[in-house]
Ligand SMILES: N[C@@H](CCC(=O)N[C@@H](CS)C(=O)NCC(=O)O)C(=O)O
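Below you'll find only one chain, the form predicted alone, shown as structure tokens.
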């Protein structure tokens, strides 16, 4: 059985949990108390992940970190959601890099600062992040205008990766997708129809927290 270290506020952990459920795989959640700083401690980094990040996936004696790596590993191992052709697989990888560097990176940072940060966020920083988010979301929305999924004719791990943080309550980010990005909105509805989809707060361990700011 897989063991997935993470917590319910982590969209990166949810990406992996969603894929495991879609694949019909058994897995055990392992709570990571990120909000209380456990990932910044020396023992946790020495024993679990030197990078101080979740998720971490255990598959027997193998331990993997970074959601993109984990998604790729699971898709290849189980022969699903990895792209139908070599060209598709390269395209999946291209979107994974875009997601990690821009799409999720900006959005997840913005959401964390607004909802869970230790102090009220700097308006100038938030405005900069929001402009970067607008640009990244516009790219994805345009891409989805002519297709149902990010790559090819079926869902792939590119879809799981890009969507992971978008299933959280609007009040956590204050960033409206519905209406602004109609193709992303329709794509999210299709993803909710995949096997195993459920809300992150119903799937992952930890306590739901109210937004701070």
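Numbering follows the first chain given and starts at 1. Keep in mind it's a predicted model, so treat the numbers as computed, not measured.
From this point on, the text means the form predicted in complex with the ligand, which you will not see here.
The chain is drawn here without the ligand; in the model of the complex, the stretch among 170-178, 46-54, 150-158, 183-191 whose residues come within 4.5 Å of it by any heavy atom is 46-54. The closest non-hydrogen atom of residue 66 lies within 4.5 Å of the ligand in the model of the complex.
For residue 40, a non-hydrogen atom is located within 4.5 Å of the ligand in the model of the complex, even though that partner is not displayed. Taking the ligand as it sits in the model of the complex, the stretch 11-27 comes within 4.5 angstroms of it through a non-hydrogen atom at just one residue, 12.
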